[in-house]
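Consider the single chain below, provided in C-alpha cells and representing the form predicted alone.
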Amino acid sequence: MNDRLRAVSGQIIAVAVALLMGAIIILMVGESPVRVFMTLLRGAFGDQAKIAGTLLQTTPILICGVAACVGLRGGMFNVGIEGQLFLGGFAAAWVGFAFPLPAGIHMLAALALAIVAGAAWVAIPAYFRARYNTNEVVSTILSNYVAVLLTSYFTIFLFKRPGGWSETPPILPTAYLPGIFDFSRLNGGLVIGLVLAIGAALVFRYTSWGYGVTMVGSAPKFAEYGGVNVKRQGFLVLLLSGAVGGLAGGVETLGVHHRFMEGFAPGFGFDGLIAALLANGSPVATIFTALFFGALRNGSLLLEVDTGASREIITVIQALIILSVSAQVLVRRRGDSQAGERRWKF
C-alpha cells in the first residue's frame, strides 16, 4: 500500500512540475498562465456540449491506453499502437462499406476485423521479440510509419470515394456504433473503453493468466523458474495489446467518422501510451489520465479563439509530462536499487 501511495504521489508531483514548467513557457510567450489554464478548463468542461466533446476525445485515448497497459503489465513496451489503430480503423471501414450485413451483426463484424488487423500488424514485431529477443520498442515504432502510409495508399489508390477527398466511401448505417447524445458524436465506444479498462484490471488481479502476465513483466526470471513460458507469454501479450489498439481504430471509424480518411486519428495512440505511463500501467487509473488528456485536447480548441497562445502549447505540456514522469520513475528505481544494496550489505 505504501509503494502504491508513493507511486501515485510521485505521478501527481510529476504532473504538477510539468504544469509549472508549462506556465513558465506561457509567460515567456507573453500570455497569462492563469488565463490559459482557465480557458482550457472552460473549453473542456464549460457546458454540456464541451463535456461531451471531452469524452469524445477521451474515448480513443482510453482504449489505446488500455492497449498500452496490457503490454506494460507483461513487460512489453508497445509503441506501435498508433499504427495498429490506423490498420484497425481501415479494416472496420472496409467491412462497413463493402459488405452489406444486418444491423448489429455488421457492427460486430467490423469491430472483429479491426481487432484481427491490430493483432496481425503487431504479430511480426512480437514474433521477432519472442524468437530473436529483438527490441520491440524499435520494431513497433517503425511499424507506425508503414501502417500510416499503407492505409493512405489503400485510401487514395484503391478505395477512394469518387470525386471526394482522400477518404473511403462512407460505411453503411448498419455498421454505426450507437450514439449517446443527439447533440454530439459521442458514442458507445466510451462504454467499450470503460468496460475494457475495468475488465483488464479484474483479469490482472483475479485470474491465474493475469498473475502470470504480471510476473513475466515484473520478474521474468522468477516467472521462468515457476514454469511460465516467458517468450510465449510475451508474444501473446503483444498480440493482445495490438488487438486492443486495432479495436480503438474500429471504434473511431464506426462511431465518429463513419469512413476512413488520411490522418483520421492523429496522435491518439501516442496519447494513450502517455496516459498508461502516467497511470503506472493501471487500467483503472488510465480512465482518469485519459480523461485528463482528452480535456487538454478538447480545451485547446478554445485557446486560439480566446487567448494569444497557440494550441500547440498542449503538445509542449504533454512532452513536459513525459519528461517529468520519466525522471521520477528513474529516481524511484534508483532509490529502490540503493535500498536493495544496503539490505544486501547488512
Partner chain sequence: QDKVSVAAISGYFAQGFGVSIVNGLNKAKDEFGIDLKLVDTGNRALDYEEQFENLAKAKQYDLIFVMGWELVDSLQKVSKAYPDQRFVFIDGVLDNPNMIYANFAEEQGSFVAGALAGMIEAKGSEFPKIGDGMAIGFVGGRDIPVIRNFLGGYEQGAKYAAPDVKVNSVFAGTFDDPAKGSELAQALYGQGADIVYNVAGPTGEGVMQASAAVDKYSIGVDIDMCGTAPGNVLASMLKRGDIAVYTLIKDEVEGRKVAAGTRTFDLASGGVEVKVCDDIAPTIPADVTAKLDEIKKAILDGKIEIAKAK
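Numbering follows the first chain given and starts at 1. If you're wondering where the values come from, they're calculated on a predicted model, not measured in any experiment.
Although it is not shown, the form predicted in complex with its partner chain is what the next lines describe.
Trainee: Each of Arg73, Val116 and Leu254 having a non-hydrogen atom within 4.5 Å of its partner chain in the predicted complex: is that the case here?
Mentor: None of them does, since no heavy atom lies within 4.5 Å of the partner.
Trainee: Ok, Leu194, Ile156, Ala120, Ala112: which has a heavy atom sitting within 4.5 Å of its partner chain in the predicted complex?
Mentor: Of the listed residues, the single hit is Ile156.
Trainee: Can you pick the stretch from 235 to 243, 103 to 111, 89 to 97, 259 to 267 whose heavy atoms fall within 4.5 Å of its partner chain in the predicted complex?
Mentor: That would be stretch 259 to 267.
Trainee: Can you work out whether Thr307 and its partner chain are in contact in the predicted complex, taking contact to mean some heavy atom pair no more than 4.5 Å apart?
Mentor: Although its partner chain is absent here, Thr307 would touch it in the predicted complex, with heavy atoms inside 4.5 Å.
Trainee: Is Gly53 one of the residues lying within 4.5 Å of its partner chain in the predicted complex, judged by heavy atom distances?
Mentor: It does: once its partner chain is placed as it appears in the predicted complex, Gly53 has a heavy atom within 4.5 Å of it.
Trainee: In the predicted complex, does Ser166 have a heavy atom within 4.5 Å of its partner chain?
Mentor: So Ser166 counts as contacting its partner chain.
Trainee: Does any heavy atom of Leu302 come within 4.5 Å of a heavy atom of its partner chain in the predicted complex?
Mentor: Yes, Leu302 is a contact residue.
Trainee: So which bits of 54 to 91 sit within 4.5 Å of its partner chain in the predicted complex, heavy atoms only?
Mentor: Leu56, Gln57, Pro60 sit within 4.5 Å of the partner.
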